[in-house]
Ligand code: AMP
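Take a look at this single chain in structure tokens; it is the form predicted on its own.
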């Protein structure tokens, strides 16, 4: 695996690969890698000639300085994990290499009404930071394909909109959620959970499955209500659990057979999100 820190070196490397007509798969991350990230690398390896993974903790998508400061940084372990799945390139730039001397942000304001719902409502400005950094990284890497995990479903819709508008040559690949044996969605934030919080955290997925079990025209709202009540109990701090159209993220007020159910809760000092796609 090649480790690249400078944007100019990455541009040179990518140019050389494209001269050889090699396809480029790209997996952008903020590090603290786990098996979920590695599944994205594996999907990229299966489809593309060269796989580039970036590790960059993007300052413009954090709402609180404390959250940015406490975000786990485990570069040595991340490198070992990437080597274990034969990643070709790790791009690990500093802030100046990505942003220059200013942290100006693009706006995602006109990306659609879904921008202001769910994560957009809970974390104002978050998607502005996502759009900003991905625009810069896509321009540097010039990928043929990008690979994102379903756990950040709303972000995936944002990325698809960015690609449609500015990078139509890029193919977007949505990869399923990788879970622990007890159902907890893998996340870099899970390491923050205490032993007791980690024991309780699988209830998030359990309640998504509960909604799925009740998903029919007569009982779908009952399932949602039961799951919401369960996750409003201490020590969970409930933010949202709702059923939405999978394409627009408009919250459903009448039953439809295909839907996505999304959830966000705070458990101790850790904010956790998850979702489940329901298809006929």
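The shown structure was predicted, so the numbers you read here are calculated from the model rather than taken from an experiment. Residue numbers count along the first chain shown, from 1.
In what follows, reference is made to the form predicted together with the named molecule, a form of this protein that is not presented.
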| property | result |
| --- | --- |
| Contact at 221, 255 and 264 by the named molecule in the predicted complex, all three, heavy atom at most 4.5 Å | no |
| Any non-hydrogen atom of residue 140 within 4.5 angstroms of the named molecule in the predicted complex | no |
| Distance check, residue 152 to the named molecule in the predicted complex, heavy atom within 4.5 Å | yes |
| Touches the named molecule in the predicted complex: residue 212 (any heavy atom, 4.5 Å) | no |
| Residue 227: touches the named molecule in the predicted complex, heavy atom cutoff 4.5 angstroms | no |
| Among 73-81, 177-185, 160-168, 113-121, the region lying within 4.5 Å of the named molecule in the predicted complex by heavy atom distance | 177-185 |
| In the predicted complex, residues of 6-39 near the named molecule [heavy atom within 4.5 Å] | 28, 29, 30, 31, 34, 36, 37, 39 |
